[in-house]
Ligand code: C5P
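Encoded as structure tokens, the following chain is the form predicted alone, with no partner shown.
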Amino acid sequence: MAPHLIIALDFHDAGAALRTVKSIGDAGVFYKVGLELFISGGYKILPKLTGMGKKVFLDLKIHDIPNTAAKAALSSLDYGADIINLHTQGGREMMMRSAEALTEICAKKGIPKPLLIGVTLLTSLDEGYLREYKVSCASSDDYVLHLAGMAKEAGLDGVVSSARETVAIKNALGKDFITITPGVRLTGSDNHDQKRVVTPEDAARIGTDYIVMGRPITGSDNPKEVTQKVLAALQYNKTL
């Protein structure tokens, strides 16, 4: 299967975000609601998105003590999100408690469990971060693979990582361990604040499960047209 497309709604205004979603139409994509939109009042957009039949990635990167993180993960169920995430650097117990709490409550209520995904190393960071924070891993790739292994052991469904780590993660942890790839940019577009980026074609070829794209789509004059181009590129290049 081709990777799923997640469109990042990186807006301050919920109205602008909804207009973009409506302009894209019925494309089978996910929509990511992150900190900026959520904190600015965008939590109101979540029931509107799910009410429109849209699939949602609630990207709040939970990172706290285990009990608080688990309760935050459970609270996310109120929004009907299909994917939620937390920071793997919050520790093994934090991840385990969150995964166990979600599994238990969803089973008890008879509702689908959202994918619980671990954030490894933000794509705005590279080896300079490892040196500054005195992380002993030799490279960012090694560090991401280490964090991904901890996430799987803790019961998470997958991780967020750059595409350049995807092959190593799949080889080490199995094809069923999900990878979500942010920092995806169209050929020739501005990388903005991302350092570890790839194109949709690259992401499809290396076998990631989801890609995240924001400004190249939402900042374009025709978001629907760009979305269709990205989806076509993912389908074509998956077969190469």
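When you see a residue number, it is the position in the sequence shown, counting from 1. Remember, it's a predicted structure, so these values are computed and weren't measured experimentally.
Beyond what is shown, the protein has a form predicted in complex with cytidine-5'-monophosphate; the following relates to that form.
Interface residue remark: residue 215 is counted as part of the site for cytidine-5'-monophosphate in the predicted bound form, having a heavy atom within 4.5 Å. At the 4.5 Å threshold, heavy atoms of residue 55 stay clear of cytidine-5'-monophosphate in the predicted bound form, well away from it. In the predicted bound form, cytidine-5'-monophosphate lies farther than 4.5 Å from every heavy atom of residue 42.
Shown alone here, residue 140 lies farther than 4.5 Å from cytidine-5'-monophosphate in the predicted bound form, counting heavy atoms only. In the predicted bound form, cytidine-5'-monophosphate lies within 4.5 angstroms of at least one heavy atom of each of the following residues of 1-27: 8, 10, in sequence order.
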